[in-house]
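Only one chain is shown below, in structure tokens, and it's the form predicted alone.
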């Protein structure tokens, strides 16, 4: 185990940045988000970032190929799926857990997304355990240990004026061996607090399979604004669109984040939309997380980070919805 005095945190980040791009949680305009370390920011480890670092592996926009068209002649150039080494510093256990779900989507079932894969293989994760959960957290109900992060290369613990860092992989061991500002030492891992919010998702997927036409969805959707904030803040949401941009004879095709909460998401070329109203879109969001994903990958597509609870303007509380779904009566 290595010990770092927080006064030497910048020394550590600077040494890591010598070999890779380092992303760390920085508060700017009152919002904590992961930003590229430039040697001069103030790192904020007090709370989880509002915006999860999923865009470092699955960018909001990503060019896939470029083309030139002149009359009947066209030339297409694929944008290579190459990625430089990056270190994500201070990633919380819930967000590390979300990567296993993104891996399921982009790397399994007979298809590997080269763009995601290249970034994933060149990413080193230093996770920071949580001493106390936020009031909106319910990660323990989703199988997340807030003091440990399965899949992290280095696990970090906040000891007040110091940080303890423990390597979990060979990559993590090599990283700590070459990093600056660290001293050998030992420390007791903080026990971590208890989540105030608790839910029970077990068995819910089987029940939801019988609830597609249940009147509950009509009642649930009434106050939803369809703003999509929940999907953009969610570390496991991965909907995207593929679009094209033309500039004279040149252009490029790119993919960008989309949201199942938008009416355009399922609108077909002829104008038909299989999810024409809020009811179908709200229903799909919760069925996807709580039924479809568990059926396909064996896990609930939620890590209990609480971001959607904290920022939904009309308080569409997924913990309340899970409880209500567990209690609602259905006709067998």
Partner chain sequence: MSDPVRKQLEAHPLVPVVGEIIKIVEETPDVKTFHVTTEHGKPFTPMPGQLAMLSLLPVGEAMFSITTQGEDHLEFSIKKTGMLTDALHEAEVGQKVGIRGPYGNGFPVDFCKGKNMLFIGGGIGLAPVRSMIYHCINNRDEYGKMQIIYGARSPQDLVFKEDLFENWPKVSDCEVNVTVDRGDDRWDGHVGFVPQFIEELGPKPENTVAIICGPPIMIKFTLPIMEKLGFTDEQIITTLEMRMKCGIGKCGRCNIGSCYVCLDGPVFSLAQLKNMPNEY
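Quick caveat: nothing in here was measured; it's all calculated off a predicted structure. Residue numbers count along the first chain shown, from 1.
Here the subject shifts to the form predicted in complex with its partner chain, a form of this protein not shown in this document.
Heavy atoms of residue 180 never reach within 4.5 Å of its partner chain in the predicted bound form, leaving it off the interface. Using a 4.5 Å cutoff between non-hydrogen atoms, residue 267 counts as a contact of its partner chain in the predicted bound form. Under a 4.5 angstroms non-hydrogen atom cutoff, its partner chain in the predicted bound form has residue 79 among its neighbouring residues.
Though the partner is left out of this view, residue 158 does not reach within 4.5 Å of its partner chain in the predicted bound form, counting heavy atoms only. With the partner omitted from this view, the residue of 194, 246, 174, 186 that lies near its partner chain in the predicted bound form is 246 [heavy atom within 4.5 Å].
Shown without its partner, this chain lists 138, 89, 232, 115 as candidates; in the predicted bound form, only 115 has a non-hydrogen atom within 4.5 angstroms of its partner chain. Segments offered: 92 to 100, 70 to 78, 158 to 166, 124 to 132. Contacting its partner chain in the predicted bound form at heavy atom distances within 4.5 Å is 70 to 78. Remark: none of the three candidate residues (6, 10 and 54) comes within 4.5 Å of its partner chain in the predicted bound form, counting heavy atoms only. Shown here without its partner chain, the chain has 105, 106, 107, 108, 109, 111, 112, 113, 114, 115 in 81 to 116 lying with a heavy atom within 4.5 Å of that partner in the predicted bound form.
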